[in-house]
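Below you'll find only one chain, the form predicted alone, shown as structure tokens.
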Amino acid sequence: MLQAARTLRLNIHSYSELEEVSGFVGNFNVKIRKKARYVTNDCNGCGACTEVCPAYGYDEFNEGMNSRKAIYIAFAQAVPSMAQIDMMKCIKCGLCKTTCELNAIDFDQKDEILDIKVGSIMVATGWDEYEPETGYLGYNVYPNVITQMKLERILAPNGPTIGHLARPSDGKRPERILFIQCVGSRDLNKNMYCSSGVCCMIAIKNSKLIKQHYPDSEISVAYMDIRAAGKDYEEYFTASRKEGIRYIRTNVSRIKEDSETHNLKILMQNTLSSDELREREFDMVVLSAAMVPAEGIEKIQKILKLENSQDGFFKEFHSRLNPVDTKIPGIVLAGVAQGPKSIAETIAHGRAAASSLSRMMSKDKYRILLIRAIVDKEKCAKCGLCELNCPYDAISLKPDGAEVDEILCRGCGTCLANCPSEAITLRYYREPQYEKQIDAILEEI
């Protein structure tokens, strides 16, 4: 991120949201809402304001496991390194404004709308961790049932426990830890897809990391299948088993808590070695939750007129032959915006997306296939159904009838299916063409 911030002609609009996109490939008009930080660009991120602030809020970066001040820097090494004020928690005492030597605090700052022109758009939304419903496997009911994301923050040197492994209920180090795989994924009632083996590898990585720091830890992994299909992944998995990490092929359906010790009792069966159900006790349980589409993806989908696949991620032009481009020229997908991926796959996909745009933008012209809707204005009843149903906003209703923008139109045929007057046809796909082809085939027979 620091290198990106130093790259010439690369403009980063952080703490901003996409508001509107119009136009077409080579000529997109984009509106971006730059949210008010209530801090000007003069801020150098010294942190003096944070030290004197008396108000506290929920720390999103640390998964709510600790608090942060009402004026804060989002996370260490944030780009840009600027403070921002959470007005929902700010008590407007003015101490930050008094302390700031650069006079960078502005309580009257408003959101700003930026209008920019771009030739192409890359969609890289990232992903969110699936959050189990309250009560599922004790989540949000028993304090010592956490997700992998929370464990990541606990193990991080800049996390809420400064990298020391501690369970939430009492701050003690858990000696017996159970990882439960495929939470929210490979499930007909939740998400049917697998998260590309990412959950498995995160569990293996974190279990090895705990073992390295605390060799006396007893770590078990409850799994359906360990999916370690990447380069050297299987070797990494084997190394974890040699370090004493136990893998139990089982399904965990229920967890109970000891009300006095807050330990967790789990009834499980090792389906590879025994038919018996055994109750085991653990100090902490970690849920390896699925990768799900990032929050706000629905808004981006509506603005860019993109399609979603069955898993909720953005739909590509072709899942096998072209997983980078979308059906709209000039808009491509990068990384997990298209579907669950590991870090290596995300990097490769991002480079492919950059290559696709670079190849297209390096040319003077962009050629399109004119498979477009055509309106017979003598038949058009001006009902407006085509304009209402067009997913690409390519049709507008004029006084003399519907009019199609051939640049925006993608030839999907939605308007053709909805037109009650049969006034719309699709170029190269008219009924008389098919009738002639059928007649020719029957003549040969």
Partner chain sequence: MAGTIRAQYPATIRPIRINCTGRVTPSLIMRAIGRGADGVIVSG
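Positions refer to the first chain, counted from 1. Between two forms, the rigid core is the largest collection of C-alphas that superpose within 1.5 Å. Computed from a predicted structure; not experimentally measured.
The same protein also exists as the form predicted together with the partner chain; that form is not shown, yet it is the one meant from here on.
Comparing 404-412, 45-53, 65-73, 24-32 against the partner chain in the predicted bound form, the single stretch with non-hydrogen atoms within 4.5 angstroms of it is 404-412. Heavy atoms of Ile371 reach within 4.5 Å of the partner chain in the predicted bound form, making it an interface residue.
Using a 4.5 angstroms threshold between heavy atoms, Ala417 counts as touching the partner chain in the predicted bound form. Although the partner is absent here, Leu426 lies within 4.5 Å of the partner chain in the predicted bound form, judged by heavy atoms. Proximity of Glu435 to the partner chain in the predicted bound form: non-hydrogen atoms within 4.5 Å are present. Of the residues in 292-313, none comes within 4.5 Å of the partner chain in the predicted bound form through any heavy atom. After superposing the rigid core, the Cα of Leu370 is displaced by 2 Å or more between this form and the one not shown. Once both forms are fitted on their rigid core, the CA atom of Gln433 lies 2 Å or more apart between this form and the one not shown. With the core held fixed, Asn389 shows a CA shift of 2 Å or greater between this form and the one not shown.
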